[in-house]
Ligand SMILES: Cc1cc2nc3c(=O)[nH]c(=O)nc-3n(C[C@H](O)[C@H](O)[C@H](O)COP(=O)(O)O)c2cc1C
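Given as structure tokens, the chain that follows is alone and in the form predicted alone.
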């Protein structure tokens, strides 16, 4: 299977990125990741495990690869490298604006641009509220290009009992939106266990 590219930008919601990588690794799906400097700062504020410790742990998986944000020579910066698409989670509105306007000043933005130009799946998990007209216009712009916009909205009808339940649902829905099936059924066990 071709790798899934995971980009992490500097919005609140580092747990979404962590669980996305882990859910993919748990299924033996290759992952290539990049992360902005702002995302690393947010990670330090929100997570108990350091970013470097998480990288080291994920690096034990043979099909995990990390590229620094400034490495524009990384394979994911080129359309010649086949991928299963890209997830940006969380996605800051600054990153959204860059993607919507075709900017490619770092590896995350360039990788997203590659997905759009190669007509590969791209899923953005924007973290901002309230949304301004500019944010909404940028979302519409990328949506018209086939990009999936998946705000991290809880599924209250599943009666989640914890933040972890909400995160599991959002991450499963995100990966499912990339076109990788089976995540919604297998990773929502809390729904059945709490009924």
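Residue numbers count along the first chain shown, from 1. For clarity, every value in this text was computed on a predicted model and none was experimentally measured.
Separately, the form predicted in complex with the named molecule exists; it is not shown, and the next lines address it.
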Using a 4.5 Å heavy atom cut-off, are 32, 86 and 113 all in contact with the named molecule in the predicted bound form?
no
Only one of 53, 145, 155, 38 gets a heavy atom within 4.5 Å of the named molecule in the predicted bound form. Which one?
38
Exactly one of 24, 16, 11, 178 comes within 4.5 Å of the named molecule in the predicted bound form through a heavy atom, and that residue is 11
Contact segment among 159-167, 58-66, 126-134, 146-154, judged by heavy atoms lying within 4.5 Å of the named molecule in the predicted bound form:
126-134
Please tell me whether any heavy atom belonging to residue 77 falls inside 4.5 Å of a heavy atom of the named molecule, as the geometry stands in the predicted bound form.
no
Quick one: does residue 72 come within 4.5 Å of the named molecule in the predicted bound form, counting heavy atoms only?
no
Spell out, yes or no, whether the shortest heavy atom distance between residue 45 and the named molecule in the predicted bound form is within 4.5 Å.
yes
Contact of residue 94 with the named molecule in the predicted bound form (heavy atom, 4.5 Å)
yes
